[in-house]
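Single chain ahead, written as structure tokens, the form predicted alone.
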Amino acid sequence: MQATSYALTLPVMVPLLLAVVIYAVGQRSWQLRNGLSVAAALSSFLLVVQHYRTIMADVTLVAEFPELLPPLGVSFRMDHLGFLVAAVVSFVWLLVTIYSTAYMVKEHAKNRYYPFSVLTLAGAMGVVLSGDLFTFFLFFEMMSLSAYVLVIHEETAAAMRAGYRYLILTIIGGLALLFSIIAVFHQAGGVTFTPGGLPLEADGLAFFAYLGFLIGFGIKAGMVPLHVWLPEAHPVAPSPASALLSGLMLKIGAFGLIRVVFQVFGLEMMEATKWNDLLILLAAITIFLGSAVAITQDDIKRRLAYSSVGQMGYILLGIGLLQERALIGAIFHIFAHAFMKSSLFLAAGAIIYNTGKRKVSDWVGMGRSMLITMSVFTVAALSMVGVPPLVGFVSKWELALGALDAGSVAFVILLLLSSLMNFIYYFPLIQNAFFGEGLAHTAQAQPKRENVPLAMLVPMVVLAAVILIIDLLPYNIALELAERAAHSLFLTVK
């Protein structure tokens, strides 16, 4: 069932307008600037979750504005998938913004950081609530270009180099998406996301459109070999910006691929053409290389960045397998990884904030002096490995079942191998932080206490609590939404 609701525009328009206000008031009052930044994310979250009952009643909400930017128009859509991702993006953005109010005190150019962070939020919300490819493209470009300012925030030579690489790849990705959208419109006469897919011909033009989508969304999702911007951008950005880039923005690329595979090309075309085999191959390479390279990194933010590459491979694999349980795992991992990786980057940021130590080898004994922060890091890291009952276990379980549904034991082995590599690059770090033999040699170098502001500690603890308890609750709302979203995408062909 479908219903019209123009309130769908509010989670996008409120932060978009507030970004302008925040920029204007930033010079006059830092308290008002920070408060409005938190209010922007909070309002966006509340404006999304108000539709919970409607979405759970299996009603898809739409808002169409055909008079804007003709002949394509602008449209918004909220279904189970859009609701889940929009709620995750706005909620985690809220926590990261609260964290930023304390972390950014030591940073420069704060009056630039906050409005562009909120503008990036508006772009991200516009993407996940888009009803068609053209609207998606508009907000995707807004989000990507706004995030460039976050990447180069430090304005060091390394930051500017990383920003340049990010910008070049963003432009390439945008042009690839634009080509694909034009090709789809030429064949189908429209670009609206449609259950079962648009009426496309499985010819050369459609295949090149598919390649364009893989490039455009693959760049944003950190898919190998299009990931080269990611390990350069994350280490140089402020830690809260890294949490947003890795914890949330990478998922936007995967979200776009889900829409394209199931609601543009459609499941029947993908199964008939076997074009999904290319996505599966790239996903497998992404899982292995991302995890393998992460092991070699001593800089904690580079290790986390390469870890994100490997984790995004899980989501891409779940999409490419074209199995309902695999897609459940992919969608749930969007939720899980948003919380896990945001926790890790915020915890790493708190340690850097308190000690200035970025190298993993310097974290010996850190768990004794920064118990809360390292406990948050540990919970998130063990969840990334897939330790039950933490949230990361559920998505890997569903992905493994989906791989078996597809008749592929090899991908189950790959998932287990990746979990082993996750263990290799996380567990020694945790072990040394809490039980390292070098504690006596580093005690004087470590802080005497956890001198981290409450505004930084609370968001980290909330994220870790979700990771720890959501699968222990009688009702896992995120898993329910993932199941409903995947079922609805497969229902049209049954």
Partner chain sequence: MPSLIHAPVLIVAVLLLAAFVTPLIGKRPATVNAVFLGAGLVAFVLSLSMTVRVLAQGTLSYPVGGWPAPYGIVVLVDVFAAYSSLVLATVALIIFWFAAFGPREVRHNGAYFTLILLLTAAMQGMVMAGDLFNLFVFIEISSLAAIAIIAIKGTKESVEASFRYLVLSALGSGGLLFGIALIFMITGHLNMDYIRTTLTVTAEQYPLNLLTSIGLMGVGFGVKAALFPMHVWLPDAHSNAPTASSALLSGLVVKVYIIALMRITYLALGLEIFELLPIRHLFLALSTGALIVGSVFAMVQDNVKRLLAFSTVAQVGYIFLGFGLFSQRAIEGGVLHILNHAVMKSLLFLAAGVIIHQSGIKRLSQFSGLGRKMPLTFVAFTIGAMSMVGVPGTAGFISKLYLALGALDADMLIFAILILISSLLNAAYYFPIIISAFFGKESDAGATDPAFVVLAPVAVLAGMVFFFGLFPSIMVPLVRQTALLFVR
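Numbering follows the first chain given and starts at 1. Note that the structure is predicted; figures quoted are calculated from it, not measured.
The discussion below concerns the form predicted in complex with its partner chain, not included here.
The candidate site formed by 14, 49 and 110 is entirely out of contact with its partner chain in the predicted complex, as no residue has a non-hydrogen atom within 4.5 angstroms of it.
Comparing 318-326, 69-77, 254-262, 352-360 against its partner chain in the predicted complex, the single stretch with non-hydrogen atoms within 4.5 angstroms of it is 69-77. Mapping the unseen interface onto this chain, residue 141 counts among the residues with a heavy atom inside 4.5 Å of its partner chain in the predicted complex. Among heavy atoms of residue 152, some come within 4.5 Å of its partner chain in the predicted complex.
In the predicted complex, at least one heavy atom of residue 183 sits within 4.5 Å of a heavy atom of its partner chain.
Taking non-hydrogen atoms only, residue 207 never approaches its partner chain to within 4.5 angstroms in the predicted complex. For the options 171, 285, 105, 278, the one in contact with its partner chain in the predicted complex, meaning a heavy atom within 4.5 Å, is 171.
Annotation for 118-151: interface residues with its partner chain in the predicted complex are 134, 137, 138, 141, 145, 148 [heavy atom within 4.5 Å].
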